[in-house]
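Below you'll find only one chain, the form predicted alone, shown as structure tokens.
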């Protein structure tokens, strides 16, 4: 084993948060194995990206090519296979996003590398990669062992791992020659079309008041909307609330909803099923309010209040006003 590659995912002039999360995971795995980790940056006119990444990793490998300005899995695969053949990393990490799901399977087949997708945990054991994946709609965590190989590929679920923060020491930036020749007609980038966001985007909120079926009914929703407004936050919910049509789907936190990482996450009347916890456990501070002292949510909460929310929320509102 010599190093771990982390493929940088960027779009419309920005590095996606998932990249920093993978850098954090890559560093932990590299430290465990006593090896190095390297960011792989493919693109055009990406000097500013390289400078940012160099504050987080020991080395950044950059392939500059106008054909790589926008993501194209065919071109990315050609560039990656060339880098992998040259440097022979033991593991390539990429995001479990539309980006990674388009690229990883084809690259895995070409290089004959074992592939683990949508991973929420990774480790090396006895020189073999082992992964944790969520299956059956999040009801079960499966620990899988990949076949023995010198090199592996894994796609990582967003919002699971802590991001790698900038450091004082700056890593090296190494420019690699582009292996691309000519244009590719089989697949072309046309344009980005962003999905319309109705209402507030809960993934961008710094404070979330999240409600579950334990609040009793939709008549209590205005109470939490007012609390969220007073705190400068946003209201979100668990899946049962959406299923009962108390709040719209775009407010759902969970495996079948959205992954969130606010500074403060207040869970009210939420039991803490795995499907929900997986999508919010990356929050900086988690506060749980539930009258059931055995609710699993208390297992991940930084602070917990065992009481009926109708006794707690009015007091909290008065404290905020005061």
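Rigid core here is just the name for the largest C-alpha set that superposes within 1.5 Å across the two forms. Residue numbers count along the first chain shown, from 1. As the structure is a computational prediction, the values presented were derived from the model and not from experiment.
This next part talks about the form predicted in complex with a small molecule, which is not shown.
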| query | finding |
| --- | --- |
| Partner proximity in the predicted bound form: residue 270 to the small molecule, non-hydrogen atom cutoff 4.5 Å | yes |
| The small molecule contact in the predicted bound form: residue 53, any heavy atom under 4.5 Å | no |
| Partner contact for residue 308 in the predicted bound form: the small molecule, 4.5 angstroms, heavy atom | yes |
| Interface membership of residue 254, the small molecule in the predicted bound form, 4.5 Å heavy atom rule | yes |
| Proximity to the small molecule in the predicted bound form, single hit among 69, 291, 281, 59 (heavy atom within 4.5 Å) | 291 |
| One residue of 100, 233, 158, 214 in contact with the small molecule, assessed in the predicted bound form (non-hydrogen atom, 4.5 angstroms) | 214 |
| Stretch from 118-126, 239-247, 149-157, 164-172 whose residues place a heavy atom within 4.5 Å of the small molecule in the predicted bound form | 239-247 |
| Yes/no, residue 28 Cα shift of 2 Å or more between the shown form and the other one with rigid core fixed | no |
| Per-residue C-alpha change between the shown form and the other one, residue 43, threshold 2 Å, rigid core fit | no |
| Flag for residue 110, CA shift 2 Å or larger between the shown form and the other one after aligning core | no |
| Direction of the Cα shift between residue 265 and residue 131 in the predicted bound form, where the change is 3 Å or more | farther |
| Cα distance between residue 97 and residue 274, which in the predicted bound form differs by 3 Å or more from this form, closer or farther | closer |
